[in-house]
Each structure stands twice: as structure tokens, then as C-alpha cells.
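There is one chain below, alone, in C-alpha cells, taken in the form predicted alone.
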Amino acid sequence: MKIPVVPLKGIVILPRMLAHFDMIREKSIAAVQEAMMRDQKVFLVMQRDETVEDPGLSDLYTIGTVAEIKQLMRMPDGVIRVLAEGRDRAELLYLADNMNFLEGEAHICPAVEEEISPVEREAMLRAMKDAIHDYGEVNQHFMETASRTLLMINTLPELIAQLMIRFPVDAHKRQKFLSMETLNMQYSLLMQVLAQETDIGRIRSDIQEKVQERLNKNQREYMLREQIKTIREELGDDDIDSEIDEFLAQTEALEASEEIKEAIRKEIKRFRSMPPANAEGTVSRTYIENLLTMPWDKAAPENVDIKAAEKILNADHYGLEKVKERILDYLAVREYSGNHEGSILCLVGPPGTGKTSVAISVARALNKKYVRVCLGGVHDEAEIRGHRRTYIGAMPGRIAAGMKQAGVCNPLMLLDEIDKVSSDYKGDTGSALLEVLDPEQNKRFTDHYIELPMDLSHVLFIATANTMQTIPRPLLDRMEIIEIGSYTENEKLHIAKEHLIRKQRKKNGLTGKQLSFTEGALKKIIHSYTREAGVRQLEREIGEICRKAARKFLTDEGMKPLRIKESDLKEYLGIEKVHYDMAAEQDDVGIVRGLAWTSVGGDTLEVEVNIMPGKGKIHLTGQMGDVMKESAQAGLSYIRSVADQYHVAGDYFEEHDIHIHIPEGAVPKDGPSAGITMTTGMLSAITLKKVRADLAMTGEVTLRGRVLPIGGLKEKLLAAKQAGIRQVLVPEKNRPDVAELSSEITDGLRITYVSQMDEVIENAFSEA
């Protein structure tokens, strides 16, 4: 028959087969349209080479199928979708190009009749059904969709035809089947294909079963990776991932003990078995990276030149002789003994006295890496020891992180504000620091995150604190305390000249030629505009002058260089901010000058005592703390015990009230050092004897009149000197403390040592 021909790419339509296929070639579309105008018959044949766009007879298989077109649908982009049903197997005899479409002559090829006995047919039918059943067992989808239907067919030709239509094989095998003329040939081909596909399905099932034994059923991604791993094992292809290669190379190059390296290798081996996208794999990778960046045995060369170190310390800081001496002693011992173990120093002093900057200078002098760990407000033990890796977001503690930041195992680590650590339900932070700061324990310090012993014995720890009162005693016992006291006005003057002015000029873009200060102006700023133990506020005041000077130079191009004098300070800094209570001009009854220590240095306290008729009560005002109130009670008990010596009537204390007041009532006051001051004031008011106005005193009093030692003597003597005091009464046991003070502090003061209240009263009461 003459019939329109449609070449197909990768598709074979079999007799009895209903199938869709899409066409986009114009000749194929024209051929289908021609068929629709005739009898809806078309010859469908597969191309030998799918890349040929305009095939000829030699490009097509000779055997194809005469099909009946059931439906045409026009799709987007000019595509025609055809629903066709295969009718007869036919052979293409020739092919003609009718310009618009291909037309050929097809010869219907009827099935070749074979003599097959009924028994043989039944055997072949059963064998094929068994093969279909076996294949259905390894291919669940085929069993659900086609296997059951096929097994219900009871004629061999029908089963063979339907099996080839429904069986998932490639187009070339279908074409081979179509080309076969006899039932026996088709049967043999199908049985061979069924057996081959069944074997492939069983092998695949075996691989999946092996994999299934190793995986979690709910982890699809994990299953896929295990399948790949099993296949690689079967092929003998066991290459190591490049990332793991890099980790292993870094481990070998790491400066660490074999114990550390072996632990890292073990973690890398564990990481290798994890899927990369798994959360546990990410945690393991981060942990390995942290271990590889820790400076286990990596040490930096240090400076052993004591003279060079001394030069650097003197250039960076004025004064602080004890601190410098201790650092130089430490250097000398390291050089002489060859012992490179670290030391633990604690600098204690008021704010602004240069504790942090001393640590920076020490690091520069020793050529050490500098790391600052701020402990102010830290209340969680995990901040020091780190979090365990079982927690989400776990990370190393501050000590381990500081070592990682330094990159060497022998840095200088500054533990800033160690007196301000606190404890709560999350743990005792101070106790966690014990292992860090104990030379006998920190050789194998263990961070909860790192989980491997770290050697901190080569670290030079320098801690800073404002007071020793809040540092736990066991922690304090592990540190060598170096006290940094308040600066004298002369020291502040030198610091301002040598450091602060230069620093603030540079910060504000000025030069030494543009702005300078007279010595009188600096003294005035120190005395009348700042009241502090350190120099922080002094630097702020100098910075304010520099800012205003920079503004003047910017707005006035013809501005001449500025030299700041005392008379200029009101213009730049405003009125004087600090006023000192100077010594009274006249001796008075019941008024005694005491000395106190504050966080910003020393101060003088004027204790006032009034006696009035009453019922023997004592009134204490001026925001006194409990210790100070108890000192007043102890002083009163002493006076009552020696009342006869001063001719005080026996019933005097029952008929009079005593009121003790310390001015500046808004400022809290506490401590025992005002004991002899309040006792002297009460005795003066009771006996109506005047107390010398040019005298100040400090000391704790007992019930028997003994005078006990006190602290903060340097700051107290400085305050007395600034207030114009000429004589100071100091406890006898504080004589060694006075001996250590420089002459700059004690010059101009007559220091009298007392051990009993009798000596205090003898020096305090005026002769008039």
C-alpha cells in the first residue's frame, strides 16, 4: 500500500500498542495531516541515527508498523502530539519525497506460522509466566503495574505481544523484536531479556540490602552516600577526600606532641565516616579546625636583653618603680636559670593608674604576643573552661580562645578586672580560674571544648584589679600582688608632660609647634580640675583643650601657636571643678580632721561632735557603714573607762547625748581607720578642750585604747598634704609603710607614730 511515512527518534510502535508521540518536523506533521485526509493510516518507523533531521530510506529501519491515528493535539511552540494505535507489522519497500511529506510503499508482513505442539506451547507459556513472576519479585513497580495482568493471559502469542508492549526495554530491543518473523524467535529474545533484567535487579537488590544494614532508614541522604561507598568498595576505588587530605597534612605539620596528633587523627577518622551535610559532621569539622589552629608547642622567641627591656619600661611609664623592678627581676631569673615557665602577677590599684598599659609595655619589652581577656562581669564558668561539644553553639573558653588568638604557647595574657568576676547558678568563675593560675596545675589545663590538655606553664599571666577585697582568697594566694598606688601631683605632672599631651595632640591632629602647655597650667589642671588616683580624667581635660584648639585653628587660618597658661584654663575648661577642704585656721572643740581612702585617692574627713542634754544616747550621721559605727561605739566605751582621768562625772554619760556627724552626708563612708579620730572628737567635746586645726590622724581604736594599723597610707598622706595639714598621727605599726614612701610625699609633713590613745590625745589637744 502507498502510505504516508513518519520517521521516529528513539521510539518503536508495536502492533496492538497505543502510544503518544510528539512531532515538530514539518514533513512529519504534513504526513500525519495527509493520513487524516485519507484513511487515518500512517507508517511509523524508527530512524537508525537520531541526529539526522531529513532521513532517507537508508536512514530508516525497513521494518515498521502501520498505525491508525486516533487523536491529534496542537501543543505550544508548534508541537503536534499524536495518539496512534499500532495495527500491522509491515516492511518499507521504497520511500518518496513528495516535497511536503514522505510517502512510501509498505508491505504487510503476516506472522509466519510454525508447527508448535500444544504441549510445547503450554510449556513455553508457563516458562514465560515464571520468568515474568521472577522479574516482578525484583521490580516491585512492574509487579504492581503489569505483572498481574500479564499472568492472567493464557495464549502464547498474546502474552508475547503484550509483554513486549509493557516491558521496560530500550527502543533498539523493541526494534529487534519487531524485525523477528517467527514466534520462536520472539519468545527466545523475550526470555533472554527477562533473564538478564532479573539478574541485574537481583544484584541491585543485594547492593541495597548491604547498604541498608549500615543506615538509618530515616536518612535518605545518608543512604545515598552509603550506596556510593558500597559501590566504591566493590570497585576497589577508595580515594580520600581532599579536605581530609588537607586535615591530615596539617596534623603532620603541627608543632604538637604525639598524644595530641593521635587524638586529632582519631577525630579526622571519625569525621571521614560522616555525611558532610549532617549537623554532626559540621560540628566535627569545626572541632578539627580549632584543634589544628591551637598553638600546642609553637613558641615565639623572647627578648632576654634586660637593659633594652628596662629602657622600654622607662620610656612608656613614669614612676611605678616596684612594678618595673619586679619585671626586670623576672627577666633576670629567666636568663640566669634558663627556666622559661611563666609567672602570675596581679597589679592592684585604683582606676586610671596604668595597670593595663603596664601589661602592654611588658609584652613589648619581652617581645611577647599580647592577649587581653576581660573578666569584668563574667559569671559563667563556661566562659573560662569552654562549653562541652554536646551543646549547640559550643565554643572554647576565653583562655583557649586567647591562646588561639595569640598563635603561640608563650604569650603574655592580661586577665583584666579579675576582681569583678562573679558566681551564680552557672558555676563559680573564680574557682574555674584556680587551675589556670596555679603553676602546679596549669601544665595540663583542660578546656571542656578542646578536651585535650593544654600547657599554660609558659604563659606570663598579668592580672589587674582595683581591690583585693573581692578576689577569692584561694585565687589571691596563687598570684604575686604588686600594688600600684595613687600618683602624686608631681608624678601626674611628669606623666602629662611625657605622655598625655603628646598622645592627645596626635589624636586631635595637632603638633608641638601649634599647642603647648606651661607647667603652671598643668599643675592647675591637676589640682583644680581633677580629683583621681590615676590620670584618666587628666587626659580627658587635656583632650578637651586640644579639641578646642583644633577648632580655633580650623576657623582662623591666621591663628598663631597657642601656649596654654593658668589664666587660659577658665576659657577652655570652665570654672574649677575640684575644691579641697583646707585645714581650719583656728583650733576648735569637738572638730577633728581624719584621713580616708577612696577609689579615687585619699581624702580628709572633718569629724564633728556635739554634746547635748539627754538620756545617754549616741547619734551617728553622715552615711556611716557598720564598721565605722562600731568604731564609734568602741571609742565611747574607751572614754567611759578612762572618764576619771579627765574629771568627768560618773552620771555624765546618762544625762547627755552625743551626736557624731561626718559632713558630705551623701557620700557613703566605712572602715575602722576613723576610730581614733571619732574618739578624740568625743573626748574633746566632753572635756571642752580644743583640738589642733593643723593636725590630722588615722588609725583603728580598741576598747583598751590601743591604736591598730590601717591601709591606704600613701593616699591619705597625699590628701593631708593637699589640705595644708602640718602634722599627721599614724599608728606605730605603719612605720614600715611610711619608710617605703618617697620623700616627695612625706616632705612638709611631721609624721608622729602613736600606739595608745594617750599619745593621740597628748598630740591632738592644743595647749591653750
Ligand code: ADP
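These figures come from a predicted structure and were not determined experimentally. Residue numbers here begin at 1 and follow the sequence given.
There is another form of the same protein, the form predicted together with the ligand; it is not shown, and what comes next is about it.
**Request:** Determine which one of 251 to 259, 376 to 384, 318 to 326, 159 to 167 lies within 4.5 Å of the ligand in the predicted complex, judging by heavy atom distances; exactly one does.
**Result:** So the stretch in question is 318 to 326.
**Listed residue (Asn100, Thr149, Ser357, Thr467) with a non-hydrogen atom within 4.5 angstroms of the ligand in the predicted complex** = Filtering the options by heavy-atom distance leaves Ser357.
**Message:** Under a 4.5 angstroms heavy atom criterion, identify the one residue in Pro351, Gly625, Gly614, Pro439 near the ligand in the predicted complex.
**Reply:** Going through each option in turn, the one that passes is Pro351.
**Prompt:** Even though the ligand is not shown here, does it sit in the predicted complex so that Leu500, Lys503 and Val535 each have a heavy atom within 4.5 Å?
**Reply:** The answer is yes; Leu500, Lys503 and Val535 each reach the ligand.
**Request:** Answer for Glu91 alone: is it within 4.5 Å of the ligand in the predicted complex, judged on heavy atom distances?
**Result:** Outside the cut-off, so no.
**Request:** Answer with yes or no whether Ile495 is in contact with the ligand in the predicted complex, where contact means some heavy atom within 4.5 Å.
**Result:** Yes, Ile495 is a contact residue.
**Prompt:** Is Glu539 close enough to the ligand in the predicted complex to count, meaning some heavy atom within 4.5 Å?
**Reply:** Flag for Glu539 set to yes.
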